[in-house]
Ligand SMILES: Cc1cc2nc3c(=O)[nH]c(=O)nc-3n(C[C@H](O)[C@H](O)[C@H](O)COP(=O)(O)OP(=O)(O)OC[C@H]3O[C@@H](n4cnc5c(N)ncnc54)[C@H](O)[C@@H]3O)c2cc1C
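Take a look at this single chain in structure tokens; it is the form predicted alone.
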């Protein structure tokens, strides 16, 4: 292994991998550094959707009644740890302010270039990595048992259609044809047809890593906390000794703000923990699409390992012990909807989503240091934004004309 590179990328999650590949495409030597396996942390657990249809990011409730139901843990989609509430309060206040209708619309417009290009950029990497077998072009369905809710979801659909979102409205009969093994009394659904589905998110990360290494990239275990400005570049300690790079990218997901803080960059990053678990279907039952059960706030996704059930958000300390209360409440509801058999894992998996209060990622140059770049804070859309983030970082790093204005994502906005 050489000791000096054009660029060091810290973090081998899906964002770091995609960014390393996009920089590598510009002819630069790249070293990828992580303390664990590729795609084994936050990137391991999600619904596996490359989410072209998600124009408006997850906002914090604005009405008092909704806020009290959230804080009081009366909803299935959100859970609070009271011992973490005080430390999370500054983030939550800024998150609430950024979720006002006016600012939420501004955020959606700022994030739109990332959403519009997310599929195309991923598919370029998927094809190059030979990972087409991991992709299902089936979109996802949001279904409900409640006619009033269905009316609301139809209005929501009209709101996103002007942004190029394609979808199909499905009645009860049509839903039964698409998903004959769902036993719930579904009244209707919206089928968002643009998104792609990944049948094993970690396998996609591994495919990207293989492509990176085939192109001459090197992946090595190391500690990002050792990063230090060194001469005209950066130095990081790895298991194979110290390495240097002219430029460095911080793509460490929920650990990014901690490392950036040691360099004098303050990012009010919030943590939303999430859980998933795989189940074997009973008998010949088949789930044909990724589903969002809007009544019970969980996703069910057909994966290679079984049907993956995912939870909403848990506000808790990032490194605190798992408390899978949401999963425990959701599991019997999911079983009443689809014939789930035994669980594949002994315990639910838990991961941490890195969330900024304004719901936009941090992408761009560090103004206080030469050769420092950021790529983190993608909230619920790390998989979705990974490849397009990599493209934007690579374009800025190479001095190319960027495909969009990167100003909304700069770290200095905080």
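Positions refer to the first chain, counted from 1. Computed from a predicted structure; not experimentally measured.
There is also a form predicted together with the ligand; it is not shown, and the following applies to it.
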Item to check | Contact residue in the predicted complex, from 348, 45, 361, 364 (heavy atom within 4.5 Å of the ligand) | outcome: 45
Checklist entry - Of the options 310, 337, 144, 326, which one has a non-hydrogen atom that comes within 4.5 Å of the ligand in the predicted complex? => result 310
Item to check | Exercise: residue 356 in contact with the ligand in the predicted complex, heavy atom 4.5 Å | outcome: no
Next on the checklist: Residue-level question: is residue 29 within 4.5 Å of the ligand in the predicted complex, judged on heavy atoms?
Outcome noted: no
Checklist entry - Taking the shortest heavy atom distance, is residue 15 within 4.5 Å of the ligand in the predicted complex? => result yes
Checklist entry - Does any heavy atom of residue 225 come within 4.5 Å of a heavy atom of the ligand in the predicted complex? => result yes
Item to check | All of 11, 49 and 384 within 4.5 Å of the ligand in the predicted complex, heavy atom check | outcome: yes
Checklist entry - Out of 340 to 348, 73 to 81, 103 to 111, 251 to 259, where are the residues with a heavy atom within 4.5 Å of the ligand in the predicted complex? => result 251 to 259
Checklist entry - So which residues in 266 to 305, when you check the ligand in the predicted complex, have a heavy atom no farther than 4.5 Å from it? => result 274, 275
